[in-house]
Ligand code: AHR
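One chain comes next, on its own, written out as structure tokens in the form predicted alone.
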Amino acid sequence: MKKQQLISTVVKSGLWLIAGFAILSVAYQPTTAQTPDGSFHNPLNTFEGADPWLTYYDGFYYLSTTSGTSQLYMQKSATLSGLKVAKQELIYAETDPSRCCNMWAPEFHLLDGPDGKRWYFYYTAGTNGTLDNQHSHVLESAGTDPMGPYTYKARIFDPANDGYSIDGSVMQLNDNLYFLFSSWTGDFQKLYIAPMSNPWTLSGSRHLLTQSQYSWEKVGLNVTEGPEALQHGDKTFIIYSASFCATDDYKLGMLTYNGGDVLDTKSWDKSPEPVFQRSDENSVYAPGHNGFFKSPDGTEDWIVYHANDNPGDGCAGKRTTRVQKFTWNADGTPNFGVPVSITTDITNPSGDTGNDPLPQRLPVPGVRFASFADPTKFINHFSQRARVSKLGEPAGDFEFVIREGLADPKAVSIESKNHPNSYLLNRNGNVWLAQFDGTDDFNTAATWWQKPGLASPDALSFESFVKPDAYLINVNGFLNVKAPTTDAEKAAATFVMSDVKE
């Protein structure tokens, strides 16, 4: 499409009005929070929120999720909703090539060690370039702070079956410690249990807990994974994830201990129906890989899990961390209910006085910004760096939502459609995509004055809120902030907005 044809199409779309300068209308959305005090909305993060583990300890919530890299991170907050803007702290980085990469399924438990109570941080990791060498590992803290520092302790394995091992967890039952994990055997990814002599060593061989049996456990692939112990009164359950994570039908199943030998498959009764699954009505897909935590006052039970907003999102970076309270049935089994929508007001856990720091995000149409100088190229983000390039995948990285300015409602802020609550902001002349943190520095760096295009009044340019005469500009394929002087630079700082059909 030629440049003037593209501009004409944008004007006819009705997304903006010309009245001396361009005013965004349909795509313009306010940032004011509408969540009632004492409540919050899911999710707790906007992307990379898979395989969450959340614990409340000594006045703070601690959250860790899958990184998929060579680093492990943790967030800390005095309130549950405060995790949304809590800084991700690096707690461990690995350089050993035998266990360097693909880190996922983190969880941490306060257990007895040789020097007293210590946090043991369990995770899955493997080698670069493949997912076939994944194994279970554990770190040990220096003290009783969940944030560490941590040192590498051991790889956890059964010498008789030293193969693929993921999603490791621990269970304490009858004064003994057990390791729960998942491993492929033939065409089935099965759940196993093994006794432990300490938090980092198995004292016996693995024993089968369960494998895919029912049709709801076989969607996509025959998968049972992510085992997590849940204990209430005198009952012990193992809640696990079933079916392939890339399908919308990833869900939770349940095993109930019947009092026999803990290592015997027959000592665990499987529920014939899933206990937590997708809700099309609430737009929650593939809920799974859960954990459990208590409210600050210890009176409530909560589940943490990941899920997708849309069908077909798969098991990539779009999974986000969700939480909700659950109750108990008359027979002592857990009642997880239905996964709630991201528009549902969730009352804080009992004893939590926080307020949601982020606004509720209702689905809105996305827009694209084409370069005036080259309409085949669009503003996008890759690895958090803002670029200008031809359309590619994922398409959502090329879509944005125009919000009222974080620092001034008369200005605008540019939010990623693909990563809600993440904005384009100026860092020393370079433009990055960063998650909203509520600080004044962030708000000003992510706010722009919308101006008539420097190269054409029928297009748009965005002037820095804090640096007059400096604009968003395409410099060799990267989005920067500088003062354009030449005609070519003014064209590079001019963009044409078009709506994106849902």
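Note that the structure is a prediction, hence the values are computed from the model and not measured. Note that residue numbering begins at 1 and tracks the sequence as displayed.
Note that the form predicted in complex with alpha-L-arabinofuranose (AHR) isn't included here; everything after this is about it.
### Message
Residue-level question: is residue 105 within 4.5 Å of alpha-L-arabinofuranose (AHR) in the predicted bound form, judged on heavy atoms?
### Response
Residue 105: yes, in contact with alpha-L-arabinofuranose (AHR) in the predicted bound form.
### Query
Does at least one non-hydrogen atom of residue 181 fall within 4.5 angstroms of alpha-L-arabinofuranose (AHR) in the predicted bound form?
Heavy-atom contact with alpha-L-arabinofuranose (AHR) at 4.5 Å: absent for residue 181.
### Message
At 4.5 Å between heavy atoms, is residue 66 in contact with alpha-L-arabinofuranose (AHR) in the predicted bound form?
### Response
Contact check for residue 66: yes, within 4.5 Å of alpha-L-arabinofuranose (AHR) in the predicted bound form.
### Query
Taking heavy atoms only, is residue 250 within 4.5 angstroms of alpha-L-arabinofuranose (AHR) in the predicted bound form?
Yes, residue 250 is a contact residue.
#### Entry: Options 145 to 153, 382 to 390, 321 to 329, 161 to 169; stretch whose heavy atom lies within 4.5 Å of alpha-L-arabinofuranose (AHR) in the predicted bound form
Contact criterion met by 161 to 169 only.
### Task
Scan 407, 263, 401, 245 and let me know which has any heavy atom within 4.5 Å of alpha-L-arabinofuranose (AHR) in the predicted bound form.
If I apply the 4.5 Å criterion carefully, the residue I get is 245.
### Message
Just to be sure I understand the contacts: of 111, 230, 315, 255, which is the one whose heavy atoms reach within 4.5 angstroms of alpha-L-arabinofuranose (AHR) in the predicted bound form?
### Response
By the 4.5 Å heavy-atom cutoff, the listed residue in contact is 315.
### Query
Using a 4.5 Å cut-off on heavy atoms, which residues of 212 to 242 contact alpha-L-arabinofuranose (AHR) in the predicted bound form?
The stretch 212 to 242, when checked against alpha-L-arabinofuranose (AHR) in the predicted bound form, contributes only 225 at the 4.5 Å heavy-atom cut-off.
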